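Have a look below at one chain only, the form predicted on its own, in structure tokens format.
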Amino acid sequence: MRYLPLFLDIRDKPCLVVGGGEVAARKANLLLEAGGAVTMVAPALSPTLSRMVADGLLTHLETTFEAGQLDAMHLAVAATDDPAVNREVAAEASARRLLVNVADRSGEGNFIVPSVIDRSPVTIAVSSGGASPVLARLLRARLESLIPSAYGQLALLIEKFRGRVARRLPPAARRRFWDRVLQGNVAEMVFAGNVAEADRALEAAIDAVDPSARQTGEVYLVGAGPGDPDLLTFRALRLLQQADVVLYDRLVSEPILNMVRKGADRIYVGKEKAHHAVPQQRINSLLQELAREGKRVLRLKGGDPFIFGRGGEEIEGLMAAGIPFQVVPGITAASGCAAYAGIPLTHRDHSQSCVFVTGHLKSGAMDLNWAQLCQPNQTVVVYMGLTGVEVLCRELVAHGLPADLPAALVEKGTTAEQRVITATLATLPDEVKRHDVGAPTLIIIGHVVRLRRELDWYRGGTVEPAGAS
């Protein structure tokens, strides 16, 4: 994060803007909207600024910049068309430890002015860190279309009753109460323009709350997908923002973890080869314990909870304990990684069926139905097969598949670090060693791998060894 986002109270605070053109006018207008007392320094003003002075909105010093003008100021903005003057303003302001912004030169000041969506008292600021103001404005325009102006009225309504709710409910119950309000009929009444009706409905909802009632928690089993945060479902994203505590796996990517509500507790329960941070039985009991405390518990799993995710075991315990839960499917690694690798899992000319298996080694061997895996015109997708890739390829050939059958390994699929190694059953183990591959990986075996050469579309980094076709 290049800049710390802050919302600054400048109401009635003296603010200096150096410059007299349209850029300076935009800066002055923003400061005025926030309640600042603005003084303009410029030998001459644009027509816009002249009108603002005539209307008594700001003060004009008809002169060039002098360092003493910064005395007693709360902040300063340099917005002239002379870079040397702007640098002087920034240097003098910094020497006085003042906040200073230099228009269109983010690196020369110590704060930047973001694009703003004003739904007072709700304010949303969008910044590109100075990298692309145009991009920030485009993002603001998109958000403008998604956020009704009535959100400001909704915020004012909540503000009216906030203290009353705080006195009536403890923090956890309070948060759940407001979640229901903001996603329920009270909010819809405000959006429809029925503010008085919403006021009465909210008051009735507060009166109906029983502070002594035991809060029932809930568990959300959520599939995080194969890594790309854009592949999350809308429901998954909503629950990420609601959870009180999150139990997450090793395969959940950092960008997705960053979407979790900031106040939520995080518990790592990942599993690696020969090492489980938390045993599965303990995960099962922990979900129940946290829910009994009245918490909303998010069990966040890479891929899909019900495809090699042990989600079935976890909800069996929840059902037996009478704890409510939801299951949110995710894009499993097979479909996500294959799609990003340009390898269709089925194809009319090459593969009419697809089998998913797990490649865990047990005492150096794989306990798989080799006869089922060695059928013609079939795609075999192997989860967690990196450690046993040599055993896997050897046994498939030994049970009848041709040694030159195409095979691919996808490393960190769907992410910016994705690598794809295409080879054959005979050569894949050596290629994996040569390229120093690390988890998470997915192995795809079958004639469909040949299609990657023409269907490759995702530029996440690729490896194409000789003899991979």
Ligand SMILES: C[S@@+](CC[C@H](N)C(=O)[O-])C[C@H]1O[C@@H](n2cnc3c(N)ncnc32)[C@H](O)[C@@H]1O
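All residue numbers are counted from 1 along the displayed sequence. Because the structure is a prediction, the values reported are computed rather than measured.
Not pictured, yet referred to below: the form predicted together with the named molecule.
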Of 30-38, 407-415, 425-433, 53-61, the segment with heavy atoms within 4.5 Å of the named molecule in the model of the complex is residues 407-415
With the named molecule left out of view, choose which of Phe325, Phe308, Phe161, Trp178 has a non-hydrogen atom within 4.5 angstroms of it in the model of the complex. Phe308
Pick from Gly302, Gly109, Gly217, Gly388: which has a non-hydrogen atom within 4.5 Å of the named molecule in the model of the complex? Gly302
At the 4.5 Å heavy atom threshold, is Tyr248 in contact with the named molecule in the model of the complex? no
Should Val222 be classed as touching the named molecule in the model of the complex when contacts are defined as heavy atoms within 4.5 Å? no
So in the model of the complex, is the named molecule close enough to Met384 to count as touching (4.5 Å, heavy atoms)? yes
Given that the named molecule is not shown alongside this chain, does Thr332 nevertheless sit within 4.5 Å of it in the model of the complex, heavy atom to heavy atom? yes
Who in 439-458 is close to the named molecule in the model of the complex, meaning a heavy atom within 4.5 Å? Pro440, Thr441, Leu442
